[in-house]
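In structure tokens, the next block holds one chain alone, the form predicted alone.
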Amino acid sequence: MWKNVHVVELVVFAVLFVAVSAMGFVAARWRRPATMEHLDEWGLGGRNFGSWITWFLIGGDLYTAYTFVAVPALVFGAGALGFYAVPYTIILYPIFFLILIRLWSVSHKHRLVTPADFVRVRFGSPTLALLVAITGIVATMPYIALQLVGIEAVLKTIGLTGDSTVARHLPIIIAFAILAAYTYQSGLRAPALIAFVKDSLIYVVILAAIIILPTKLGGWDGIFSAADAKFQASANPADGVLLNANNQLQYISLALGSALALFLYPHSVTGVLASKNRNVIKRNMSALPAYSLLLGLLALLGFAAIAAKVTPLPGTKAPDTNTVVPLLFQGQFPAWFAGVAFAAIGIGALVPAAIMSIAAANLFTRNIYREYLNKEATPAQEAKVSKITSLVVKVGALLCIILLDPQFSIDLQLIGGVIILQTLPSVAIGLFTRWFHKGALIAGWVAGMAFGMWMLYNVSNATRDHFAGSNFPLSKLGFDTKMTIYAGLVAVVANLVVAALGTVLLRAFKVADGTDGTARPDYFVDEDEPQGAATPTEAAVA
């Protein structure tokens, strides 16, 4: 069924993958609670993770297998534009240093599990909470599918691919069946435990690559010269080793929009709410930029692949550039080390995929099942529904990979970023002000979503007329320019304008608003303040 399999790489990959999967099953006994039949335990790991666990968990959640293969692939194809991921992962931490601490406190106080839970309490609107929940689930599904794209790139490079559907997808179906099984059993403890191994492998692989590759490819001067020569010969006006007038606005808007979107994803919030206290979050928002250094080094592998004259494996309609990093390791390192690198990518897919499926399942359970289907649900029933929903979510992501063009799955993730940004006013801004009217926030969400979808519909490329990415050409708005802009940022501005104008109008007509179930002190509560306490101490506030 499979031909030309690289046996040594496959054996190393399989051994590490199986070992880590075993850790996933054992994780149910790690920091063992009295019962796993509660969302606080299954879905949030007991809300008791310290600084180190949280650092690995959030790092493993945000820096995914897809990041490992896609960022260098973008640098390989477009040059400097691919480095947008580096500044956005730097500027987001100061922004979210303030936001996530408040979210943790109010969630601790009111026993909230999801961002939609917060919106429900803050604005007293089940409808707005439902929109936030659906948005989170829809945006997360293609994100999970992208983790499969990362594993698939590795499996293709190893040789586990073929012309038939079974040959192409059987290994990835097996991998995700294992992932689904241990996530069902161990909940958030599984990715938290595995993240230690995943990140250790990635640090070792990247540091080795950055040290060894220049010695084989003529030094960094030779690597950059090879990349510059490639882009000088390209007819694409938007590529190059430096930014130019055509892609600078796209770079800036994409970096800012991606930074704002990243912690609105429900899986990012899940990692934060699993933290023990406010200081854990403060330490992590200060230390997580270490991953950005790793990301910058990782992006350079795209230029190294150009210097190494890597040719991507064939894709469905075009060369699959996601294979350039696996091919780079396969061509420049011994087979056993390439197997380690492939395992790092594969395991790097398991951690975020597990957290994302748990986060999506929690949204369904808390904000759809409990709100509309079973208002008297017990904690055990909630945990059961979440476990089953996490399986359904994984199956949906798997079907995306099997049934859709992989490139369209990647574009769907970019669309997901545009979608999740529309929850910014109600979730992120809602943590600081209750000025917006709940009806205006709903109207803003509708306007932002509609405008965003219109812009995405008008994004095309050589192989697709619509929904071909998130870089919206400003010429579509009547501007005489070749510049593009990140659609999500424009859409959320439209969202905010409608929400602000709507709030003024609804207040002028004295339309009834929802009840705010929170109080200002709730946003400063720490672990030593009992949940349900009236007011934290002044010391805690300080």
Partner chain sequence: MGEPAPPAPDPAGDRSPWNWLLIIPIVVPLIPALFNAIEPKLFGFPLFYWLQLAFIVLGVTTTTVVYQMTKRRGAASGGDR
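Predicted model only: the values in this text are computed from it and were never measured. Residue numbers count along the first chain shown, from 1.
One more form of this protein should be noted, the form predicted in complex with the partner chain, which is absent from this view; the next part is about it.
Enquirer: Identify, from the list 104, 123, 303, 329, the residue with a heavy atom within 4.5 Å of the partner chain in the predicted bound form.
Expert: Among 104, 123, 303, 329, a heavy atom within 4.5 Å of the partner chain in the predicted bound form occurs only for 303.
Enquirer: Select from the listed residues 79, 452, 339, 346 the one whose heavy atoms reach within 4.5 Å of the partner chain in the predicted bound form.
Expert: Flagged contact: 79.
Enquirer: Does residue 31 reach the partner chain in the predicted bound form, with heavy atoms at most 4.5 Å apart?
Expert: Yes, residue 31 is a contact residue.
Enquirer: I'd like to check something about residue 234: if you look in the predicted bound form, is any of its heavy atoms closer than or equal to 4.5 Å to a heavy atom of the partner chain?
Expert: Close contact is absent here: in the predicted bound form, residue 234 is far from the partner chain, nothing within 4.5 Å, heavy atoms only.
Enquirer: Taking the shortest heavy atom distance, is residue 91 within 4.5 Å of the partner chain in the predicted bound form?
Expert: Yes, residue 91 is a contact residue.
Enquirer: Since only the chain is shown here, I'm wondering whether residue 220 would be in contact with the partner chain in the predicted bound form (any heavy atom pair within 4.5 Å).
Expert: Residue 220: contacts the partner chain in the predicted bound form.
Enquirer: In the predicted bound form, do 87, 97 and 292 all put a heavy atom within 4.5 Å of the partner chain?
Expert: The answer is yes; 87, 97 and 292 each reach the partner chain.
Enquirer: Tell me, please, which stretch of 360-368, 272-280, 330-338, 168-176 lies within 4.5 angstroms of the partner chain in the predicted bound form when heavy atoms are compared?
Expert: Among the listed stretches, the partner-contacting one is 272-280.
Enquirer: So which bits of 508-524 sit within 4.5 Å of the partner chain in the predicted bound form, heavy atoms only?
Expert: Contacts from 508-524: 515, 516, 517, 519, 520, 521, 523, 524.
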